[in-house]
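Heads up, the chain below is alone and in the form predicted alone; it's given as structure tokens.
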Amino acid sequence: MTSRNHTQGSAWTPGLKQSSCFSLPSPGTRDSSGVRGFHLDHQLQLLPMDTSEKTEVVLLACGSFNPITNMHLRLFELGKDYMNATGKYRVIKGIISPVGDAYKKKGLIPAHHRIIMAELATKNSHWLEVDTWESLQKEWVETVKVLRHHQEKLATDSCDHPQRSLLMDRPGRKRKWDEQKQDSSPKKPQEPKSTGVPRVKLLCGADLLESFNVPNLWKTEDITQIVANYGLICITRAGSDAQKFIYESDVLWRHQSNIHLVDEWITNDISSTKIRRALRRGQSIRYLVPDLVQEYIEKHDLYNSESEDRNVGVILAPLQRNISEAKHSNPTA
């Protein structure tokens, strides 16, 4: 992916990646033959630089996607439109990251079905892709770790394969289910202030923002890292007061500049829960999910009374882990 960020005193030209991993030779220097080098800086100043100040952004949505709906896809479009309209950002890619089976949510069908449905839903998108890393983990993975994984991957790709990122990691490139079954090579440490690496931000609905207040569902330090180090793009819905929720939270208020609230003026109340309920009752879900997703659901009879009873009586993974860790850290409580 070509970086559009630059530092003062330098310039950018299409097809030339400039970051902490790549530096230009000083103009006017002589090589071994004594020939004076080409004055590249002078030439670059003549090229247009209208987008060089924009920060490239990757939108990451984590969740069950059980099943993926048209509303999930709309979240990405709304988030992209909002960020691009600020004039400060340029959204280059959207990533759908379904949670793994170890999340233990009631009614959660196997991850491979949810992955396939998400890939079918984004089949015709030029900038959305489905990533399987989170869903392939044996244990449930905290959202902040998923964000960190993708930010480090972008940094590694930027440093190790500057040209490959332009051709192979273009927006919308699907990651096949089998391609990620093997662990990749160790990643290099991310350079915090590298100007050539896109920034990952968490895309979510107002319900996720409000879930920060559910006891033991989130660790305070995880919430702090998410809003401070990455940022939120929250799509609000009718009846929610996200701004008030931010005001009532000291952590969110402290980092409110990194929380982007996006109004959804064309209301859309589609939810995976309502989709599953309609399917259990034999009702049509057409135009609520992509056609290919509907066909896949019907072909495999994915949602019924039996599937809804999966994980009944099982404590949700984050609640189980956070309560257990709290007891160990404070045994007298």
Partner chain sequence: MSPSLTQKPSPTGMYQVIEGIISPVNDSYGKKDLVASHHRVAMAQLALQTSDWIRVDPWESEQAQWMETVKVLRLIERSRSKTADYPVKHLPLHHHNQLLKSSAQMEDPDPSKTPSASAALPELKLLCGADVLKTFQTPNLWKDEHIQEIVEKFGLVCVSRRGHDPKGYILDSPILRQFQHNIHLAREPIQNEISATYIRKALGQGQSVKYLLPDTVIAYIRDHGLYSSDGSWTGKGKIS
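Since the model is a prediction, treat every value here as computed from it, not as a measurement. Residue numbers count along the first chain shown, from 1.
The protein also exists as the form predicted in complex with its partner chain; that form is not presented, and the subsequent description refers to it.
S.K.: Considering non-hydrogen atoms and a 4.5 Å limit, which listed residue (Thr55, Ser307, Ser64, Asn268) is close to its partner chain in the predicted complex?
M.R.: So the residue touching its partner chain in the predicted complex, by this definition, is Asn268.
S.K.: Of the options Asn229, Ser125, Gln137, Ser240, which one has a non-hydrogen atom that comes within 4.5 Å of its partner chain in the predicted complex?
M.R.: So the residue touching its partner chain in the predicted complex, by this definition, is Ser125.
S.K.: Heavy atoms within 4.5 Å of its partner chain in the predicted complex: which stretch in 126-134, 101-109, 141-149, 245-253 meets that?
M.R.: Going through the listed ranges, the match is 126-134.
S.K.: Thinking of Lys201, Thr220 and Asn330 as the candidate spot, does its partner chain come within 4.5 Å of a heavy atom on all of them in the predicted complex?
M.R.: Looking in the predicted complex, the three residues Lys201, Thr220 and Asn330 all stay beyond 4.5 Å of its partner chain (heavy atoms).
S.K.: Heavy atoms within 4.5 Å of its partner chain in the predicted complex: does Glu77 have any?
M.R.: Contact check for Glu77: yes, within 4.5 Å of its partner chain in the predicted complex.
S.K.: Does the 4.5 Å heavy atom contact test between Leu73 and its partner chain in the predicted complex come out positive?
M.R.: Residue-level check for Leu73: yes, a contact with its partner chain.
S.K.: Would you check, heavy atoms only and a 4.5 Å threshold, whether Leu60 touches its partner chain in the predicted complex?
M.R.: It does not: once its partner chain is placed as it appears in the predicted complex, Leu60 has no heavy atom within 4.5 Å of it.
S.K.: Quick one: is Arg280 in contact with its partner chain in the predicted complex, heavy atoms, 4.5 Å cut-off?
M.R.: Residue-level check for Arg280: no, no contact with its partner chain.
S.K.: Considering only 196-231, what residues come within 4.5 Å of its partner chain in the predicted complex, judged by heavy atoms?
M.R.: Nothing in the stretch sits within 4.5 Å of the partner.
S.K.: Since the Cα-Cα distance for Gly239 and Asn66 shifts by 3 angstroms or more in the predicted complex, is it a contraction (closer) or an expansion (farther)?
M.R.: Result: farther.
S.K.: Based on a C-alpha change of 3 angstroms or more, tell me if Gly239 and Asn84 lie closer or farther in the predicted complex than in the shown form.
M.R.: Between the C-alphas of Asn84 and Gly239, the gap narrows in the predicted complex (3 Å or more compared with this form).
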